[in-house]
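Below: one protein chain in two forms, given as structure tokens, structure 1 then structure 2.
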Structure 1
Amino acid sequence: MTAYIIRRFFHLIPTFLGATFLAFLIIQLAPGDFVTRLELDPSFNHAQIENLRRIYGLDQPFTVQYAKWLSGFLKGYLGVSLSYQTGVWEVLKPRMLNSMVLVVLSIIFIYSFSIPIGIYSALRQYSWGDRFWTTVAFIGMAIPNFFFALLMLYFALYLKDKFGHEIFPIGGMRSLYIAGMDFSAAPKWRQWLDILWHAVLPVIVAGTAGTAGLTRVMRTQMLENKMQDYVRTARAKGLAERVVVYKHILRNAIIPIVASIGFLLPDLFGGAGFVEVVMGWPGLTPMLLEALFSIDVYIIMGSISVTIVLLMIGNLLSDLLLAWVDPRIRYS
């Protein structure tokens, strides 16, 4: 097993080099650079624009830029953001932590709803309950995230009109005041409570599509295992239905779901997506969008490389988890 892990670890190196080089190349292939948008500003002349390119090192061939970036990365340094003129990690870190709040909560939301609903639907296939959850799941998968978020904002506004005060906040992550006190002056538990209160609607938005998808997977898995011979055997042995369902069917049905937990790792650090943009959650996505628009190469690369590393670790973790839950799989 240890040998296997070490071997896998060495495989990661070429993958990482290839992936980051490709990412760097694609950013370079897109027309323009960080300075391009200043070129259409009538108050700048050519010499000033070229001077900026020189200062930012954008006049060097891209292989040189990549080599410099890579040598920094190997020393644990993600480079300097062009627009912030400060270390990329300092820019990314607070945003990742903010995103993580949303991501962790929505993962909990996804698993705690989709697994029970999936089991319920499978055990009562084609019942009204199953049909209801199937419909909900399809709506959840079909509704675009950003639009759902906007609906939620207007829902919060509607609630505010209806009750005269805020039931849910209209966007954002923290209140300016908590009970008349400045946010940072309030006790820690109240600060966390305030953040959780702000997270309710974004988590629903961020979790809905995932819940819908996973519910369907869970349902299919359960149905598939229900038809297996060993289930009939278990029933024939006279086991209680509860034991048949939870000890035999569920344990086998849940294997792919457990195995996929490893893949959640990069998600944790990757931002919760457009819901952050629409609902004013100061996570990674809004900042990444800005970086993409302004072609702030090092912010983009920093975020991509962190995701790549986590994806590779997550992949490895998934394989190990699979071996752990499924005795039929052994690495040697």
Structure 2
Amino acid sequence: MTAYIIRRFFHLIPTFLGATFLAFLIIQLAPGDFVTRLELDPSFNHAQIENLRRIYGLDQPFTVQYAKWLSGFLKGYLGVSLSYQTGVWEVLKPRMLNSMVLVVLSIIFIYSFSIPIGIYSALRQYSWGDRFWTTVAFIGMAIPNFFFALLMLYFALYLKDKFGHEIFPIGGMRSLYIAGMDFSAAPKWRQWLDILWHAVLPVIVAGTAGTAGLTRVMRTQMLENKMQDYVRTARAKGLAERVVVYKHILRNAIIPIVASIGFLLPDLFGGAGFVEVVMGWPGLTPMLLEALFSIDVYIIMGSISVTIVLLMIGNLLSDLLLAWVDPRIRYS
């Protein structure tokens, strides 16, 4: 297994290089650069603008800029943000942690609901419960995240008007004050409870589409495996139905669910991005949009590289989990 992980790591290197080089090239193909907007400012003359380009390294060929960025990345240095005038990692770290709160909670939400509902629907095929959850799943897959986020905001406003106080927060990640105290002065456990309270609606929005899709996959896989010969053999041996379902059917049906983990992390970051923008969650996506508008190349590359690394980690994790779930899979 160790040899396989090392081999996979070396296989991921050209993938990372190709993806980041292509992203850097596309950014460079966009007209203008970070200091182009200063050309319209009468307080800056041509010499000052060219001097800024030289300081930021924007006057060099994009291959040289990419090589310098890659060299810094390998040393754990992502460059300096042109907009914030500080290290990219210092800018990315708090935003990435904020996004990870949504992503981790959304993953827990997705698997906590999709697997049990999929099992229930498969074991009670064509019942009223199965029809209900099938309808809910289709609605969840059809409704866009940004529109669902707007509906949740309207729902939160409706509850506030009805009860006279906030049942669910209307946007943001935390309150300014907790029980009369400034947020930073409140105990850590109250800070986390406040963040979790603010995350309820965003997590529901970010996790609904994934839950709906995986529910349908889980139901289909359960129904397909339920008809296999090994299931009939297990029942013929007199095994309890609970053992047949959860030890034999479920173990094989859950393999595609485990395989989807590799794509779930980056997909959630993309899906949570709409939620962050609409619901005012201070995550990676709002910062990335600001960086795109200002052509802050190092913030953009930092965000892209984080997403690529997450995709690679997710794919490796899904392969390892597949070997754990399915004893027929062996990596040597």
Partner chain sequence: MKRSIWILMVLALGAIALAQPKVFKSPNPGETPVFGGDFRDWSTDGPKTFNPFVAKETSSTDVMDLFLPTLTGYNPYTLEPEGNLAKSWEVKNKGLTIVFHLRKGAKWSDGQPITADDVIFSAKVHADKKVGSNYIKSFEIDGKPIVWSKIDDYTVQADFPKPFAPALIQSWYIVPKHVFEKAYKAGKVNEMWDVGADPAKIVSGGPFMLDKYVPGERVILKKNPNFWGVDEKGNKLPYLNRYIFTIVKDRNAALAKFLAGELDLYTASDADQIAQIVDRIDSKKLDATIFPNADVTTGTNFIFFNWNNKDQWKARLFRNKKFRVAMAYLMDKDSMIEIALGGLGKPQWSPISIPVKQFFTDDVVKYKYNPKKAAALLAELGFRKKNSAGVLVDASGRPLEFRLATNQGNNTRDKICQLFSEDAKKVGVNVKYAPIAFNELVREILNTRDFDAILIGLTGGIEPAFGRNVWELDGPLHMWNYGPDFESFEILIDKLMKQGATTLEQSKRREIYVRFQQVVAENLPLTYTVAPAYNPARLNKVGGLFAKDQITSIVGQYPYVETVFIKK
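Every residue number counts along structure 1's sequence, beginning with 1. In this text the structure is predicted, and so the values were computed from the model without any measurement. Think of the rigid core as the biggest set of C-alphas that the two forms share within 1.5 Å after superposition.
Of the two forms shown, the form predicted alone is structure 2. Once both forms are fitted on their rigid core, the CA atom of V35 lies 2 Å or more apart between structures 1 and 2.
In the core-superposed comparison between structures 1 and 2, the C-alpha atom of L52 has shifted by at least 2 angstroms. The two forms, fitted on their core, place the C-alpha of R7 2.3 Å apart, compared between structures 1 and 2.
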